[in-house]
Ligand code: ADP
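What follows is a single chain, given as structure tokens, in the form predicted alone.
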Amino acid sequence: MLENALKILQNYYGYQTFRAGQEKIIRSILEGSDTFTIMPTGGGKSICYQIPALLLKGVTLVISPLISLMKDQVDSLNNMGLPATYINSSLDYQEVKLRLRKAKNGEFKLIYVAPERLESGRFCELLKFLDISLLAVDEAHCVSQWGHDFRPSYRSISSLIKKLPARPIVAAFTATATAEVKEDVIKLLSLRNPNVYISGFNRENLFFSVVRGENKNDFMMNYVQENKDRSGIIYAATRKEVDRLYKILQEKGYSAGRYHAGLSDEERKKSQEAFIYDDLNIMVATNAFGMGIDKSNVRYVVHYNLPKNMEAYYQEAGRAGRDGEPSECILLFEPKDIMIQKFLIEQTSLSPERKINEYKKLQAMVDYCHTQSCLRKFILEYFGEDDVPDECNNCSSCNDDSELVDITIEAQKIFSCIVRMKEGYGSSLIAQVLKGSKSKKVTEQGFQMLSTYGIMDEYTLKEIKDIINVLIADNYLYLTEGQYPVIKLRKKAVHVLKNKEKVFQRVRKKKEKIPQDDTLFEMLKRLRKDISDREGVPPYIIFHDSTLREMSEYCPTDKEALLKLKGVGEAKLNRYGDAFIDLIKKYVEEKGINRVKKPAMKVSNKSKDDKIPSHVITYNMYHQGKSLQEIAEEREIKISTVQDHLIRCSNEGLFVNFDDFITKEQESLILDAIEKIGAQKLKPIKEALPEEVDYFTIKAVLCKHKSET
């Protein structure tokens, strides 16, 4: 059956192989086992239930939380020539009955349904006439009150399963779930001895960064200007903030939309569709926007305010780069954001126990904003991953190229002024005193008589406030809570005043963009948009950006060559192939391009610059007799990365002689530890061994003995 699954993947989805983890999940479902999967956004969850749905004898019912998500998924499946439909509140009862009748007659293999539908006894009665072989639950974390998007209607799924004449296979999927939420999902969906697959939370194509202490408006406007041709989402914590940012972007002439619960249904729908169809580049939104948005070419997600917890942040940030192309996730942090989130928690009707849990999660988010360590490591460990490398080389902590500027004198002036103002005022008035303002507020308090009055008159008020924000973000100052917060000194600031410590501000270097000829890529995007408008489907349903990138790189001028590109299946080749080939042919002739690169065999999970998997390149060099150090130096990667590559190759069945790297004594110690502790997790094994025995040695022993059994 798995052979047939692979044929569907190749012929319809346009990929030669499954991504990491997909094959096991599909096999589990096809073998009739309940299955629970945690796979990051953009990891290919939908394929894991769509392909089994096409192979199982009956109908698959997909529980999906949003109308927009259902329509996206169904449009995408129909576009590939696969039979699917949806049932939601936009349809009348007669249309619902018609679609269910067609499903019973075999015209549809997948039916997408909102969880609220399951609360209707009338609808559930209709479902009894269908042969439902698989029930797939998307965004399964919504069933748990400890999840970040709890939806009470998800609790109806378990009762539906009991009402059906024959119990279907149940498969649940989510992108983010802590151990607590995982247990809750399994229990509340009544999964029977499920196979649990956690494919890893790492999204290697995403660059994570935290920006502290900078002027948010300035940063955002500079960033948007530098990325004006790219699609992005800007999240803000409140409707008021969304409206303000939207207005600024509109006034500056940017193609922006907005989305929050305070807008009418019609305005939200119009804005969302314009973004999905590439008519808008920027969406400014609260967290009400995004679940189920399958737009693949979002190149950046900026959080203008601190999110409420890591689960929400990672899901929202994960809406960038769903096509696997490099994308950015930026969090702009200032301490007053913490107060906003605390206020929002207090306004909820949650139980005291759940509020305590929300405060705990918020603190983890604050810790993320202040960590000096690898941001990716922080995220992955939060979600329970063990043995995460100390550096990822793809976040602002690992790739910190900012310059340190000494601002000790400025800090001392600010601290002195705050002390002389009795630590009783906010940043605006402090800045006015330092600037030497003659405002009424300053003179009424007699602050013009202070020795610190006007000692920073060479700075603008905005510049002074920006420095104050840096000092707050770096824990020299803090804001009190309440409606009118005031600024007070921390102990660190006292050391600075006594000349025992210096203060440095990180100043970002301006990145120079490498010129790139995107002429053909932009032409292909315009063609895709024309087809999108004509057919009434979002552009990414026709082809992802990553597919267009490959077209612009390899310039395929016949159907055979086009079919070799990832994301081009038989149905799309027949439907769109001629139009794209004609455009490429014309471009090649006009530019006088004589020799076109030949595409490599397509794969589903490699970038366009990495046709041979990185770990296989390392493996080949190892078999040429090169040492780990030599491989690391030649490839400009870390030795730990080389070690990880060899472990991965071994797990994929390639021979690695681990005796090259482990001594008999180490092997004996590790095997003894495994016998006592078990091999489920590496961390307990590591803690039971001498400090010099590293994780690579443990994994090498495990791989060696796995291959021998």
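The shown structure was predicted, so the numbers you read here are calculated from the model rather than taken from an experiment. Numbering starts at 1 and runs along the sequence shown.
Absent from the display: the form predicted together with adenosine-5'-diphosphate (ADP). The rest refers to it.
The contact residue chosen from 685, 701, 693, 9 relative to adenosine-5'-diphosphate (ADP) in the model of the complex is 9, the criterion being a non-hydrogen atom within 4.5 angstroms. 294 is the sole member of 328, 294, 334, 466 with a non-hydrogen atom lying within 4.5 angstroms of adenosine-5'-diphosphate (ADP) in the model of the complex. adenosine-5'-diphosphate (ADP) in the model of the complex is not approached by residue 645, whose heavy atoms all lie more than 4.5 angstroms from it. For the chain shown alone, residue 544 is a contact residue for adenosine-5'-diphosphate (ADP) in the model of the complex, at least one non-hydrogen atom being within 4.5 angstroms. Interface residue remark: residue 268 is not counted as part of the site for adenosine-5'-diphosphate (ADP) in the model of the complex, having no heavy atom within 4.5 Å. At a distance threshold of 4.5 angstroms between non-hydrogen atoms, residue 322 is in contact with adenosine-5'-diphosphate (ADP) in the model of the complex. In the model of the complex, no residue of the candidate spot (231, 235 and 257) has a heavy atom lying within 4.5 Å of adenosine-5'-diphosphate (ADP). The stretch from 659-667, 675-683, 45-53, 28-36 that comes within 4.5 Å of adenosine-5'-diphosphate (ADP) in the model of the complex, counting heavy atoms only, is 45-53.
Using a 4.5 Å cut-off on any heavy atom, the residues of 17-46 that reach adenosine-5'-diphosphate (ADP) in the model of the complex are, in sequence order, 17, 18, 19, 22, 40, 41, 42, 43, 44, 45, 46.
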